[in-house]
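This document starts with one chain, in the form predicted on its own, laid out as structure tokens.
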Amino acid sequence: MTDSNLPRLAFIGLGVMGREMARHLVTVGYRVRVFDISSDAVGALADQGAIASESVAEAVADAEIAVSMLPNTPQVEEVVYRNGVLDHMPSEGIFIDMSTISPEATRVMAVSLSEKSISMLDGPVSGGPIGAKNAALSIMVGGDRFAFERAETVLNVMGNTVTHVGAPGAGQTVKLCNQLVCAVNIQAVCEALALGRASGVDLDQMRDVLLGGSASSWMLEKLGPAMIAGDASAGFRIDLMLKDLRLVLEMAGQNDVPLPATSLVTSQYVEARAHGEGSNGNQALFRVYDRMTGQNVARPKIGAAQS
């Protein structure tokens, strides 16, 4: 049941992440108008209490706060500029883009929206589909501090760590730094497993040992078992990480910051995509090492009986 005392919301983008985030808002009592290019996604949320919209314009027409969760910069720009937020959202509203997109494009959109008296917050998230499902996302927010304080209660419904990190674009900057660390860490896990496999050690045991020391990481804990098992099922997809890494390198170029490790791991994501891994999860990066080493199956473990 909706609570009339809560702000009216719009939510645009009901993919793997967005549908869960919108669902949490509906569950706690917000009136949420939703839109997605997939009518099935809209219908599924409407069945759970959201209000279906047939366009972005309809979704945001009376929204006090509108949220977008979209694949990339062009999709967010379309939502803002093309018969959407800029032209139809009421003045004094707040538009929160929770996608991972270009910081520079975010700053340009924030200026355009401010001319219509609409505040823009960039609030990209970390935590993946599991974090979205459990309302346990880390949300890093750039934009006007007063707008952030107005929207903070809404953000807290979707995440358990919500932090204002600076001016417009700052949220995207912090998120891209997060992605840099994640990708290089995934690469390090791949290399350790590839070396251990080539040497014949028990990879499950090696992972357990590494988790008990300074090499421990979220990627080793969560993605390591899938790498070892050859499970490439999608969580956060190769295609999306490659998109984020290209944004990282774009930002690095604009700021004259050399990122040699990021450049290398980006080339490996390109290789993975070229071999049809784009829709697979990040752990499929290990298959690059399968191809480079020519070892698609593990060697016998040290001490194991050999025929």
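In case it trips you up, residue 1 is the first one in the sequence shown, and so on. From a predicted model like this one, the values you see are computed outputs, not experimental measurements.
The discussion below concerns the form predicted together with a small molecule, not included here.
The closest heavy atom approach of Gln75 to the small molecule in the predicted complex falls within 4.5 Å.
When contacts are judged by a 4.5 Å heavy atom cut-off, Val125 counts as touching the small molecule in the predicted complex.
Contact annotation: Pro71 falls within 4.5 Å of the small molecule in the predicted complex, judged by heavy atom distances. Although the partner is absent here, Thr106 is not a contact residue: none of its heavy atoms lies within 4.5 angstroms of the small molecule in the predicted complex. Just one listed stretch, out of 78-86, 201-209, 220-228, 156-164, contacts the small molecule in the predicted complex at the 4.5 Å heavy atom level, and that stretch is 78-86.
Residues Ile12, Ser99 and Lys243 are all found to lie within 4.5 Å of the small molecule in the predicted complex, as judged by heavy atom distances.
A heavy atom within 4.5 Å of the small molecule in the predicted complex is found for exactly one of Ala261, Ile37, Val257, Ala274: Ile37.
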